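Shown here is one chain on its own, the form predicted alone, set out as structure tokens.
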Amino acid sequence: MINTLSYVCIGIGLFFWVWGTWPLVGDRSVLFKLHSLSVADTLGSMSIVVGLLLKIPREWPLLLLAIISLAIWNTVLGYVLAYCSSSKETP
């Protein structure tokens, strides 16, 4: 049962990865494309790590650190990209 749940989590993660790349071919703004890719990549990566956590529970400290790092890194990266893309003129 745990093996099946692990594969389901990994499959959901792969689905999110593919789903996040789909908006890249659209005609929306670059920021919308980056946001869609970032959110889907974060969710997909976290789902894959949860699947690995179910598969190899003895490595839980490292996998938990990976989940926390993904959440913090991708959130901060999103804010940095948004700040850098804003059109502020310095006098």
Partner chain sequence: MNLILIIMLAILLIPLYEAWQDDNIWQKVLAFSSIASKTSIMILIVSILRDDWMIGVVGVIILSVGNAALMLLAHIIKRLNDL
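Positions refer to the first chain, counted from 1. The structure displayed is predicted, hence computed values, not measured ones.
There is also a form predicted together with the partner chain; it is not shown, and the following applies to it.
Student: So in the model of the complex, does residue 39 come within 4.5 Å of the partner chain, heavy atom to heavy atom?
Tutor: No - in the model of the complex, heavy atoms of residue 39 and the partner chain never come within 4.5 Å of each other.
Student: Are any of the heavy atoms in residue 84 no more than 4.5 Å from a heavy atom of the partner chain in the model of the complex?
Tutor: It does: once the partner chain is placed as it appears in the model of the complex, residue 84 has a heavy atom within 4.5 Å of it.
Student: Given that the partner is absent here, does residue 43 sit within 4.5 Å of the partner chain in the model of the complex, heavy atoms only?
Tutor: Looking in the model of the complex, residue contacts with the partner chain do not include residue 43, since no heavy atom lies within 4.5 Å.
Student: Should residue 12 be counted as a contact of the partner chain in the model of the complex, where contact means heavy atoms within 4.5 Å?
Tutor: No, residue 12 sits far enough from the partner chain in the model of the complex that none of its heavy atoms falls within 4.5 Å.
Student: Listed by sequence position, which residues of 1-18 have a non-hydrogen atom within 4.5 angstroms of the partner chain in the model of the complex?
Tutor: Counting only heavy atoms within 4.5 Å of the partner chain in the model of the complex, the contacting residues of 1-18 are 7, 10, 14, 17, 18.
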